[in-house]
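Quick heads-up: it's one chain on its own, the form predicted on its own, in structure tokens.
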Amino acid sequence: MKFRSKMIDVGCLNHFTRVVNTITKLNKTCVLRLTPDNLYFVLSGKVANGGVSMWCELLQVNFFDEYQIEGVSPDANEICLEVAPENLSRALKTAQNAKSVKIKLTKKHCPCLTLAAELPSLSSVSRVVTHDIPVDVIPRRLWHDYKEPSMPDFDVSIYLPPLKTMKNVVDRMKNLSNFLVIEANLSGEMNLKIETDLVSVTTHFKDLGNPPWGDDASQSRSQSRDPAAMAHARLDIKKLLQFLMGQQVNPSKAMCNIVHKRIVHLIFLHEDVSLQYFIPAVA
């Protein structure tokens, strides 16, 4: 197993750092899956048990100037590593103005991702800061837990309102309740609601638009649906806010799929990054 890569472009480095910072806000550990064409950050919480799950996909050619991988075998040319994203984020923070950043898989006292940042220097002697980030290599028999999640057979799919507005609304609501109901229909309307014994608050959004999924099989439930009928899910408000607060991807498209009373599936797209987040509904 071998992996080595190099980033030179400062824009790519900053973009990669923002993605890692987003992942850091969501969980203490995640799986980094490396393939010849892509990198994936995966959080495989069992939604059935109330855990969130996440899938973040990056096209390596858009970030790295050099990228070489030799997976566990010729027929399984990939590597799966468990890593603490905060350690990776901390290492990237020291590399913000670097002339180049190399990341490779090494064997020290344990398997590590070694990040070496060549920093600008006033003398002819180069300054290199090196970080060894411990990782656990995930055996091939467990890889099936970290494959791309299937698109849920949703009832409603809708574009999200401006994320800053949504974040501010949810942030205020968290002071009043631990749970929030998100509901939407196929007429571009979405409501965020909280209800307690003392107070009932609803924020309405309209004219958001609904993504055209075409003949996608997962759209089958929504094609025959009354456009005005609301699908809803009751969520732990902290899990939704954690995602909205943490995201630094600044997506060009943000969508929400709702499986009635079961799950909310958020999708953020930004050029070369796609980020999916699954939040289970609570009763």
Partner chain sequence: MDYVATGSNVKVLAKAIHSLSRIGEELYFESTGRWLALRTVNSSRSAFACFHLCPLFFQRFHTPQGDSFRCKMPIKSVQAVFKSLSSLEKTVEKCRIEWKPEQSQLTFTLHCKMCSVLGLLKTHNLSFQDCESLQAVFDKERSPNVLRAQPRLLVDTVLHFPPSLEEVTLSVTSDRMWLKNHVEDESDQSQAMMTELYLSSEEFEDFVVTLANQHHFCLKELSAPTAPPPDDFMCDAHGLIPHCYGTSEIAGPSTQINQPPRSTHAPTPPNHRLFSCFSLSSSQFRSLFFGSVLPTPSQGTSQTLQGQDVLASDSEDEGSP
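All of these numbers come straight from a predicted model, not from anything done at the bench. Numbering follows the first chain given and starts at 1.
Omitted here: the form predicted together with the partner chain. The next part is about that form.
Though the partner is left out of this view, residue 157 does not reach within 4.5 Å of the partner chain in the model of the complex, counting heavy atoms only. In the model of the complex, the partner chain sits beyond 4.5 Å of every heavy atom of residue 80. Within 4.5 Å of some heavy atom of the partner chain in the model of the complex lies at least one heavy atom of residue 87.
By the criterion of a heavy atom within 4.5 Å, residue 149 is excluded from the residues contacting the partner chain in the model of the complex. Only one of 177-185, 162-170, 199-207, 132-140 lies within 4.5 Å of the partner chain in the model of the complex by heavy atoms, and it is 132-140.
Contacts with the partner chain in the model of the complex, taken as any heavy atom within 4.5 Å, map within 108-122 to 109, 110, 119, 121, 122.
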